[in-house]
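As a starting point, one isolated chain is supplied in structure tokens, in the form predicted alone.
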Amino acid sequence: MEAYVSAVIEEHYHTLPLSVKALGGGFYGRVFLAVLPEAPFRVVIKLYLYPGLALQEETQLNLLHSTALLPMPKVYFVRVNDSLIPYDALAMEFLEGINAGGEIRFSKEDMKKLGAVMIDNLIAWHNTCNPGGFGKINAPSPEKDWLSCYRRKAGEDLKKAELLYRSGKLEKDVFFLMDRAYERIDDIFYLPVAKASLIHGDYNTWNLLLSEDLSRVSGVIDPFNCCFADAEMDLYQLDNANGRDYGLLEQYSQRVRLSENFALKNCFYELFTELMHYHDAHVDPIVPRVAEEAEALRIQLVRFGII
């Protein structure tokens, strides 16, 4: 893929990069650092495995950047795939830093301080509301009611889970639990959501950067399905990777009152969203992890008297 990165750089900047280095990637794309002989000198190029995602991320980054307290990469340009370069490409500013979700050794107190900064940023986004209602960024007709909006999304996720089940990639017990939970979605989401909050959609420590000396949070990257939604839809990600070590969910809950059905909603959001990702990215579900998420949802459904 490095050759395509060089081609993107040459086409836009009329020069070849001095070097191209793979930085990593995830379910939906691969990320590279291109070093140029002239300004802007360092450019991050993200190549997407599926069409349409570059334009989506450009829109999401620009909106999130407008109210972020932490640095986010500036978008330089988007290139849509064609016969020459078969991947959509997003060119972005390079942010200095190391992954906050990696193997980092420093005091618990320092981690909690950095966690507080991460939560400051998340709350700033959640306090950014769309008075028109819930839905995708720039949706022509936002929904006034969150459950009306989310019911369709969860139904789509359930259909994707069924396809995984029918293909032998998802355990029967997990799919049947999801199906049963979806039938009782009104009982799960029984409290109205007052605000259509801006969410990042993938706010975990894998998508947060720390300065090289570990003294500050140096950036946020990689939103996914950023939209105006129930703010609590963002929160299951806070316990992913090493988020508990930073005390992310704990600190959020100390500053923002969680709904009385938060634990139930949180498990529902996690299982349905994660199965959507496995399906959309054509990745086989991680069976033990999915089983754990399903069991967490089952426990909450029993606790709330729903099953």
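In this text, residue numbers run from 1 along the sequence as written. In this text the structure is predicted, and so the values were computed from the model without any measurement.
Not pictured, yet referred to below: the form predicted together with a small molecule.
Peer 1: Can residue 94 be called a contact residue for the small molecule in the predicted complex at 4.5 Å between heavy atoms?
Peer 2: Because a heavy atom of residue 94 falls inside 4.5 Å of the small molecule in the predicted complex, the answer is yes.
Peer 1: In the predicted complex, does residue 111 come within 4.5 Å of the small molecule, counting heavy atoms only?
Peer 2: It does not: once the small molecule is placed as it appears in the predicted complex, residue 111 has no heavy atom within 4.5 Å of it.
Peer 1: Just to confirm, residue 24 within 4.5 Å of the small molecule in the predicted complex by heavy atoms?
Peer 2: Yes, contact at 4.5 Å.
Peer 1: Using heavy atoms and a 4.5 Å limit, would one call residue 81 a contact residue for the small molecule in the predicted complex?
Peer 2: Residue 81: no contact with the small molecule in the predicted complex.
Peer 1: Using a 4.5 Å heavy atom cut-off, indicate which stretch of 40-48, 252-260, 239-247, 267-275 touches the small molecule in the predicted complex.
Peer 2: That would be 40-48.
Peer 1: With the small molecule left out of view, choose which of 31, 63, 70, 34 has a non-hydrogen atom within 4.5 angstroms of it in the predicted complex.
Peer 2: For this set of options, the contacting one is 31.
Peer 1: Looking at 206, 150, 175, 125, which has any heavy atom no more than 4.5 Å from the small molecule in the predicted complex?
Peer 2: By the 4.5 Å heavy-atom cutoff, the listed residue in contact is 206.
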